[in-house]
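Okay, here we've got a single chain as structure tokens, the form predicted on its own, with questions on binding and movement later.
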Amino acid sequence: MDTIKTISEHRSIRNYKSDAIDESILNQILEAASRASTTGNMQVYSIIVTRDEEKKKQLCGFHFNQKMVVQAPVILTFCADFYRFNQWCKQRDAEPGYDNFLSFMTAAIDALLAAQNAALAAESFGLGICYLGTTTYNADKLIDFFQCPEGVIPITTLVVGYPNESPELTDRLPLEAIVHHENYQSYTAEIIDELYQEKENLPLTMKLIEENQLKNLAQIFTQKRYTKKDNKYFSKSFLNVITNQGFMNNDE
């Protein structure tokens, strides 16, 4: 399957068969992750592979009890990781200066790039994947669960396995909504209406509006899915994680 076709046919899979993933396939997925672009060729990320059934059950609790965490044979947790790099620097008489927010961002980006390479590789083998945003929500608990040292923070998680469903492709905004040529182009009210018209009139959208008894899709996002209250709570929690893991030494 060519790369463009793999990307175009991406679906988030939430129901999985229990079939094991061959070790050679898993290793190729991990190798693909290791070939992702990385800042300065530092590779400041780590991947934690979870296959043990009991550990998956425990892990499921940290991901809001989403059943796919237990169903799928492999769970990959991608972590921003300056611990390993810092250790190497110190052992080579090179004093690291990576205990700041910029370094956290560098490592987080590295981890996400590696995760997307892994996702594409998995799908090329006919496997399904699903990203878990709950990783950052419960990063503090995952740090304890995985016994992560200072300098390591879970950033995202991939559920990986053979699909037990074939959902429709999820809608996407037109390119005009996300692509800007030469300079950023602001959106008028008329343009916003045009760009979101198709999404707002999908049958699924109509169903969601009716089920939630709200006026429109935007209200579903702001009042149900990603509320200001929750965003502030998890923001504070994650900022504490970043601080406790040694990434907020930003004073001169």
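Bear in mind that the values here come from a model prediction, so they are computed numbers and not experimental data. Start at 1 and count along the sequence shown; that's the residue number.
The same protein also has a form predicted together with another copy of the chain, omitted here; what follows describes it.
Mapping the unseen interface onto this chain, residue 20 falls outside it, with no heavy atom inside 4.5 Å of another copy of the chain in the predicted complex. Taking the partner from elsewhere, residue 140 is found to have every heavy atom lying beyond 4.5 Å of another copy of the chain in the predicted complex. In the predicted complex, at least one heavy atom of residue 217 sits within 4.5 Å of another copy of the chain. Under a 4.5 angstroms non-hydrogen atom cutoff, another copy of the chain in the predicted complex has residue 97 among its neighbouring residues. Against another copy of the chain in the predicted complex, the set 37, 149 and 184 is in full contact: each member has a heavy atom within 4.5 Å. Shown here without another copy of the chain, the chain has 32, 34, 35, 36, 37, 38, 39, 40, 41, 42, 43, 45, 46, 47, 48, 49, 50, 51, 52, 55 in 32-57 lying with a heavy atom within 4.5 Å of that partner in the predicted complex.
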